[in-house]
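In the form predicted on its own, a lone chain appears below as structure tokens.
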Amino acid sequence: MKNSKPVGLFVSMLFGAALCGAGAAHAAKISISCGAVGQEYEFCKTGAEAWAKKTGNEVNLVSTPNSATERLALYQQLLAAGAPDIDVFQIDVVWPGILGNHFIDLAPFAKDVVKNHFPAIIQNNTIDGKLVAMPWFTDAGMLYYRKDLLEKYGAKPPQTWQELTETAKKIQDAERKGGNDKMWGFVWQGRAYEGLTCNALEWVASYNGGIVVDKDGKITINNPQAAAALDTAAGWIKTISPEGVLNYTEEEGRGVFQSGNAVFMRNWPYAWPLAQGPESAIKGKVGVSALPKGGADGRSAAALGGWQLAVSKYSKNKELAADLAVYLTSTEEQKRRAIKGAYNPTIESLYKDQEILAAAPFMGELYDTFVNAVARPSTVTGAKYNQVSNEFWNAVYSVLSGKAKAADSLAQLEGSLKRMSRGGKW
């Protein structure tokens, strides 16, 4: 995106069809940005349609880049310009500290429903005493596997990354000999973007290597356990993972797995209903488990993901925009999205809902994984988080692509982060 392009023009090019409710001739027009990973856009559309019908207003859906990194850059440009083009923003769980000063306080509009959401996410979305975003759905990294292939070769879901490496190689090679020369052992998100930060954080944390910057602001990433984690991942390239994984986001990995050409996949919960869909080549053949540990003394670590809805302080219809945000994050709407799209609720009571558990059993089985997911260091680094993440994923990418050794790359990363933090002051 060129900085010289008028912001309003760029956004208007992204508008989807307007969704109108009854009596919309004199209705207000509310615009909302929606992602389009998997079925995300369609679920946003149907939810917005229901609100438009209920209130008699009109909603414009704005399609934004799937890459969280590219989406953040777009948001920053729009908000810095004070553009009123988007009223409701779909924001990543790590963005409140970066963008929060551009959003209104939603607490007066959400009122008593705030207490229904996971307290940790409400706290994450509260900046300087203001609830700058309502939790929409939460996420955590999970391991998908071909349960039919594991059964065929007498294997079990791996408990450690070493087990995954060995099992993936065994099944991959056997399947290739059996005629599927496109089979790979493990696909994940390896492009140099926010998704790689999530994957790499899981590897490092699983080896007890910390979370890059701890809660006190101390830089902890330069340690032997973190280096061992990255060395392990680098060893997957061209052995159990295609070299092309270095350009994969969520959808590229899902495409390979869902076409029947991967044994294991790291992804978010949204991939579950798609893998089980009528057109999926692996329907009924997929299992889900927690991500592997770094070793016998390691732990299973899943990166905390998820998206929120925030209302721009530049909106011309703040109250209606807030009403839309509260509606879309309500118990009823979160239940609908959980059943039909496997979007994990941010409302704790829904994890005991039998209809949800029947549609997505892993929400009950992996409840602890979601509740105890590892947060990225966005709160402690605040507005500098995007720079921190950028430095981290580039350091990891250099190791995965064979341009640097893990120990050297992490030492350089530590130096860069120290300069950025100005002596631990983020």
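The structure presented is a predicted model; accordingly, all values stated were derived computationally and were not measured. Heads up: residue numbers just count along the shown sequence, starting at 1.
Omitted from view is the form predicted together with ligand GLC, to which the following refers.
Chemist: Can you work out whether ligand GLC is within 4.5 angstroms of a heavy atom in all three of Ala68, Trp268 and Trp307 in the predicted complex?
Modeler: Affirmative, all three are within 4.5 Å.
Chemist: Which of these residues, Asp139, Asp353, Glu252, Asp105, gets a heavy atom within 4.5 Å of ligand GLC in the predicted complex?
Modeler: Exactly one listed residue reaches within 4.5 Å, namely Asp139.
Chemist: Of the residues Gly195, Pro96, Gly294, Gly185, which one places a heavy atom within 4.5 Å of ligand GLC in the predicted complex?
Modeler: Looking at the other structure, the residue within range turns out to be Gly195.
Chemist: Report whether the minimum heavy atom distance between Asp92 and ligand GLC in the predicted complex is within 4.5 Å.
Modeler: Although ligand GLC is absent here, Asp92 would touch it in the predicted complex, with heavy atoms inside 4.5 Å.
Chemist: Please pick out the stretch from 187-195, 117-125, 73-81, 344-352 that is in contact with ligand GLC in the predicted complex, where contact means heavy atoms within 4.5 Å.
Modeler: Single hit among the candidates: 187-195.
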